[in-house]
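Below you will find one chain, with nothing else, as structure tokens; this is the form predicted alone, and questions on how it binds or moves follow later.
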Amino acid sequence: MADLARISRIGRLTRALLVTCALVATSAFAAETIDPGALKRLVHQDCGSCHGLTLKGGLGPDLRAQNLQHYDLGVLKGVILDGIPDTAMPGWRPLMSEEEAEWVARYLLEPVQ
């Protein structure tokens, strides 16, 4: 009888541990948050390597807000995620989420950086 109680207790502990692990894992994926500091660094360092560290242009065009105002947010997001074929502009989809790409597009459209 004592063995059955011990096995039952181990079973309950195992289930509790599995449920806890599942909750932690799913909440980690669901709680993916935008890190504005990291995305600003990405824009100025990674994008800046082609577009100039001040985003005034280089190999790629000027990315300052006054030069992007005629672009729709969705278009910029698409360019960030999928790049521009037959140009040096790569797609960032393998490296960033759609939410991050939208954040970057909004950041680029802000008048003052």
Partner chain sequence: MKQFAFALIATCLATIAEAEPTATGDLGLVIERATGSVLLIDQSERAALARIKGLGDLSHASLVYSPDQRFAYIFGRDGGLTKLDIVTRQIAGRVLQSGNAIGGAISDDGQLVAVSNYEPGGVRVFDADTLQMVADIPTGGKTIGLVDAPGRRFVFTGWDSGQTWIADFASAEPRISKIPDMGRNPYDALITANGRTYITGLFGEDGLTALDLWSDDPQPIRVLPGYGRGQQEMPVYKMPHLEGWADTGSEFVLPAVGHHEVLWIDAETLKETARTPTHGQPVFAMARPDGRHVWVNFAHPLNDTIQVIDTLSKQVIREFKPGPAVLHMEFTPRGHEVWISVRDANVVMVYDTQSFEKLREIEAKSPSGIFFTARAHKTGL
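Positions refer to the first chain, counted from 1. This is a predicted model, so every value here is computed, not measured.
As for the form predicted in complex with its partner chain, it is not shown, yet the points below apply to it.
* To do: Considering only heavy atoms, tell me if Thr54 and its partner chain come within 4.5 Å of each other in the predicted bound form.
  => Taking the distances in the predicted bound form, the answer for Thr54 is yes, it comes within 4.5 Å of its partner chain.
* Any non-hydrogen atom of Leu73 within 4.5 angstroms of its partner chain in the predicted bound form -> Answer no; every heavy atom of Leu73 is more than 4.5 Å from its partner chain in the predicted bound form.
* Is the gap between Leu42 and its partner chain in the predicted bound form 4.5 Å or less for some heavy atom pair? -> Yes, contact at 4.5 Å.
* Does any heavy atom of Gly58 come within 4.5 Å of a heavy atom of its partner chain in the predicted bound form? -> Yes, Gly58 is a contact residue.
* **in the predicted bound form: members of 68 to 101 within 4.5 Å of its partner chain, any heavy atom** => The stretch touches the partner through Asp86, Thr87, Ala88, Pro90, Gly91, Trp92, Pro94, Leu95.
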